[in-house]
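So this first bit is one chain, no partners, the form predicted on its own, shown in structure tokens.
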Amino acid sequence: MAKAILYLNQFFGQIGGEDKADVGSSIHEGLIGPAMELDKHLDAEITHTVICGDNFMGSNTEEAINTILGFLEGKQFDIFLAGPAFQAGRYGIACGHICKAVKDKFNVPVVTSMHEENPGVEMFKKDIYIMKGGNSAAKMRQDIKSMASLANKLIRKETILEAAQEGYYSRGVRHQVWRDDKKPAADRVVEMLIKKVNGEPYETELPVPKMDRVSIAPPIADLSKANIALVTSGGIVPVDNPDRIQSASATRWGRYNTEGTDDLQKGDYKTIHAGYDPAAADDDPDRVAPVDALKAYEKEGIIGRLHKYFYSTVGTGTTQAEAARMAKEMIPHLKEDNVDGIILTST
């Protein structure tokens, strides 16, 4: 019988919640958590479950991957699975990293599952099979069945059909195929055009991704009288990170009062961002959140004043949907304080 190994994060691996997200990599014989449900549908024996904390994988990616690859050395397995990761960004990115690494090193098929808003989809869909999954663990059974369905075909070495038929995200791989109806492209495109002109539903053969376009705001009439706010996705926070903002795939943000402060001092502020080397930002937090420069502009009369709060979150791995939600939560505060413009910094 074929053999399989499953990767889980600390929560679904039954180690703990967010308080255990920094736990390192481990491997366990047998079935843990979702592996028990997956085992019911998979044409393979799940021999081991690999577990790693989301924060540990995000902050120590190379170390975590190398450790897990070491666990797998000498073990017999015909397929590697991860998740499902739902809409959990850090978990999805972790599943993508480890699946790609296992595929590259051991040359075995890999399968995972994510919701369309998970940043892991865009990062890894061209490299691995990612099934289209639900947005929460309420869809666990459904997502596991879809993972198992594709995994079983890979185990049996059956032909994998196109993305829309199998339920995985398109990988951008094109194959020349013969259509059963043998209808040429010229006829198909004319039929689509007629349907479009008549307002009838039709399905394009070359879908174009929809981009979220934001209109450019009008210029500030007089900068010397403007109330300017500072917003950063660079993860600058007080050293105790009071809002518990995640180091990647953030769902939280904070605002911090800088009244009476001309710059952000080392030791009072730091970055919790997992996407870049924190040394320079920790040494001088103004390098990412330039309160010092904007306070100087205020004294010189270049801007009217610097808003008393700066707003911070982490951009790496954060989904567009979560970023939009956080922005909508910040906006009422900015409007209430009559902010005229925003300086948005990243890393």
Partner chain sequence: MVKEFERAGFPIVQMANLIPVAKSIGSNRIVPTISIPYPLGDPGTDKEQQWKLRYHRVGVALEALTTDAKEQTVFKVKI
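Keep in mind that this is a model prediction, so the values were computed, not measured. Positions refer to the first chain, counted from 1. So that the term is clear: the rigid core is the largest set of C-alpha atoms that superpose within 1.5 Å between two forms.
Although it is not shown, the form predicted in complex with the partner chain is what the next lines describe.
Engineer: For the chain shown here without its partner, which stretch in 316-324, 25-33, 41-49, 62-70 has non-hydrogen atoms within 4.5 angstroms of the partner chain in the model of the complex?
Structural biologist: Among the listed stretches, the partner-contacting one is 316-324.
Engineer: Whether Tyr309 contacts the partner chain in the model of the complex should be assessed with a 4.5 Å heavy atom distance threshold; does it?
Structural biologist: Result no; Tyr309 lies far from the partner chain in the model of the complex.
Engineer: Closest heavy atom of Gly58 to the partner chain in the model of the complex, within 4.5 Å or not?
Structural biologist: Taking the distances in the model of the complex, the answer for Gly58 is yes, it comes within 4.5 Å of the partner chain.
Engineer: Even though the partner isn't displayed, in the model of the complex is Ala151 close enough to the partner chain, meaning a heavy atom within 4.5 Å?
Structural biologist: No.
Engineer: Can you tell me whether Gln176 touches the partner chain? I mean in the model of the complex, with a 4.5 angstroms heavy atom cut-off.
Structural biologist: No.
Engineer: Which of the residues spanning 112-132 lie within 4.5 Å of the partner chain in the model of the complex, based on heavy atoms?
Structural biologist: If the 4.5 Å heavy-atom criterion is applied to the partner chain in the model of the complex, 112-132 yields Pro119, Met123.
Engineer: Align on the rigid core first; then say whether the Cα of Val50 has moved by at least 2 Å between the shown form and the other one.
Structural biologist: Comparing forms between the shown form and the other one, the Val50 CA shifts below 2 Å.
Engineer: Does Met36 move appreciably between the shown form and the other one, meaning a CA displacement of 2 Å or more on the superposed rigid core?
Structural biologist: After core superposition, the displacement of the Met36 C-alpha between the shown form and the other one stays below 2 Å, so no.
Engineer: Aligned on the rigid core, do the two forms place the Cα of Ala221 2 Å or more apart, comparing between the shown form and the other one?
Structural biologist: Comparing the forms between the shown form and the other one, which are aligned on their rigid core, Ala221 does shift its C-alpha by 2 Å or more.
Engineer: Since the Cα-Cα distance for Gly315 and Ala88 shifts by 3 angstroms or more in the model of the complex, is it a contraction (closer) or an expansion (farther)?
Structural biologist: Residues converge in the model of the complex, at least 3 Å closer.
Engineer: With a C-alpha distance change of 3 Å or more, do Asn135 and Gly315 lie closer or farther in the model of the complex?
Structural biologist: Closer is correct, given that in the model of the complex the C-alpha spacing of Asn135 to Gly315 is reduced by at least 3 Å.
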